[in-house]
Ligand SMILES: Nc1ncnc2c1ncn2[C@@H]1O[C@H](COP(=O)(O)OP(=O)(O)OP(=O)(O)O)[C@@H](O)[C@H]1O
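Only one chain comes next, encoded as structure tokens, the form predicted on its own.
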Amino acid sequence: MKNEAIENNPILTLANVSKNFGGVVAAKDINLSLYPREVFGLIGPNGAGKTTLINLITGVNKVDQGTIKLNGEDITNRPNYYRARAGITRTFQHPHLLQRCDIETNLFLGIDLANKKNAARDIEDREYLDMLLDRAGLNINLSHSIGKLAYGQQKLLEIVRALLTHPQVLLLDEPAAGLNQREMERIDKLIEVAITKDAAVLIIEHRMDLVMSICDRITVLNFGNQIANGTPEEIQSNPVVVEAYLGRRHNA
């Protein structure tokens, strides 16, 4: 979003966060802060530890050391449901939807799990839902089965569901993977909605055109290590990043 007015106080902070799986270093001394109305990019080669970092933020995996704070509160040892109810929402590389249920059930189940079901059913949220579906380009019947939606539509619907929880922190794990250009542009429109609601957005993505166009700041991971931080312009010209990631991708 190229936000020029990032708030002074971060919503989410990670300080010296580390995680090992046996002898594999998934995250080592990771330090980052997410601010309201900011889009933060997290990039790196496959296996760099990007999804692991989201799992640590959401509480799916426990950190080995370091601290995670949400609005100044230490949530390092809080369970994942607490973090969801506190405003941390995520999507997945592959949509996590209930294939046997209709679209509406899938949408509002996510809101119920975030403990916001009472607010979700009122007229205002229905209008908000209509706006989100329009931004996503989803002209759909909510009573239809999820299985009637194409893969790209399911991924966009998962972002819509995440936004319905009014998150403080929105974590997007490869939202553009498997999407065409028009669908990728829809992601941009949905992220704009999150920004207008003062959320902080963290996006993991291999589509560098998307990352470089919407992110305010970027962190690059490689083998669990934070090898670079900066603006898109700084990251693109960083020789360490070019060697570890961008250069390899372009050469491939």
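Note that the structure is a prediction, hence the values are computed from the model and not measured. All residue numbers refer to positions in the sequence shown, first residue = 1.
In what follows, reference is made to the form predicted together with the named molecule, a form of this protein that is not presented.
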Heavy atom contact within 4.5 Å of the named molecule in the predicted bound form, the stretch among 65-73, 32-40, 181-189, 46-54: 46-54
4.5 Å heavy atom contact, Val240 to the named molecule in the predicted bound form: no
Partner contact for Ala26 in the predicted bound form: the named molecule, 4.5 angstroms, heavy atom: yes
Gln93, heavy atom within 4.5 angstroms of the named molecule in the predicted bound form: yes
Exercise: Glu104 in contact with the named molecule in the predicted bound form, heavy atom 4.5 Å: no
Members of 160-188 lying within 4.5 angstroms of the named molecule, judged by heavy atom, in the predicted bound form: Glu174
